[in-house]
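In the block that follows, a single chain appears as structure tokens, in the form predicted alone.
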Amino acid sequence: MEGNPGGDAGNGSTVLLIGNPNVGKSMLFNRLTGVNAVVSNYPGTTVDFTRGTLIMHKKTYEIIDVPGTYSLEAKDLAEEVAIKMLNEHRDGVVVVVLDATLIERGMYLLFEVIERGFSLVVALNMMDVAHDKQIAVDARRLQQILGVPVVPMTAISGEGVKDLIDILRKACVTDVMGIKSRLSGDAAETPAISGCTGCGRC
């Protein structure tokens, strides 16, 4: 997929929530869609997934809760379905949901999504648990390094969900080489911008 690293990528009408199991993905889905959701089996399988609708700012989004996966190298049927769903919606927006208390655990999946050229946003969930455990999370710096929007949030309480909705339009493509350059100091980090935590991709 060829995206535009300087702006929006994809049509943004389909939003896929992807993440490791137990990162609060389903709770986020419920916050986004309310009761407007349908549970189905992926065709030809017994794997369940949920889809629903979000209407915001006169725009309608189809929200898909992709089966939980640790990687895009399928080791079971659920992961195989997750990969197929991503490939079927390459022009959509991928929201990678990370557990703020175990960010490193979700990084492998995040970088696989990045390598495949999807337009994405990172939802940094469970910030309340991170706070309770005294885990410091610098969402601004993470966003500047990754070069895509990173939204701190707590799906269970709804905190940050509106911020995520508002920033879906800023989803964009990034690349691993650029991230490596920013980490090594060979390239400038993307600057902070007004109303956002600093990916600089508006």
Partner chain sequence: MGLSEDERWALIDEISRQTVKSGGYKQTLGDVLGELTVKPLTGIPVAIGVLYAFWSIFGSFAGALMTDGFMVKFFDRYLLPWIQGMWPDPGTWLYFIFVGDPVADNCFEAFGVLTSGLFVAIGVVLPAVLIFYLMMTVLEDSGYLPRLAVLMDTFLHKIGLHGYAIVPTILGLGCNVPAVTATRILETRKQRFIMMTLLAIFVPCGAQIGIMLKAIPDTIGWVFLYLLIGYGIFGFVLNKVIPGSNPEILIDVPPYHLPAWENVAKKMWNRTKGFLKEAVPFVLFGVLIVNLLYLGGVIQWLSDALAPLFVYWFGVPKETTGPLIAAFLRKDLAVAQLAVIPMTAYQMISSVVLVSIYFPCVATFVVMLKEGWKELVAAVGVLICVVFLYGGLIHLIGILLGVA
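Throughout, rigid core stands for the largest set of C-alpha atoms superposing within 1.5 Å between the two forms. Residue numbers count along the first chain shown, from 1. In this text the structure is predicted, and so the values were computed from the model without any measurement.
There is also a form predicted in complex with its partner chain; it is not shown, and the following applies to it.
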Just to confirm, with a 4.5 Å cut-off on non-hydrogen atoms, which of I167, V173, I145, I64 contacts its partner chain in the model of the complex?
I145
So, I55 and its partner chain: in the model of the complex, are they within 4.5 Å at any heavy atom pair?
no
Looking at the partner-bound form in the model of the complex, is D163 within 4.5 Å of its partner chain by any heavy atom?
no
Contact of N36 with its partner chain in the model of the complex (heavy atom, 4.5 Å)
yes
Any non-hydrogen atom of M85 within 4.5 angstroms of its partner chain in the model of the complex:
no
Any residue of 86 to 111 with a heavy atom within 4.5 Å of its partner chain in the model of the complex counts; write them all down in order.
I103, E104, R105, M107, Y108, F111
Does the distance between the two CA positions of I145 reach 2 Å or more between this form and the one not shown, the core being superposed?
no
Superposing on the rigid core, do we see a C-alpha displacement of 2 Å or more at I63 between this form and the one not shown?
no
Specify closer or farther for T46 and T33: how their Cα atoms are spaced in the model of the complex versus the shown form, given a shift of 3 angstroms or more.
closer
Knowing the Cα distance between S26 and A37 changes 3 Å or more in the model of the complex, does it shrink or grow relative to here?
closer
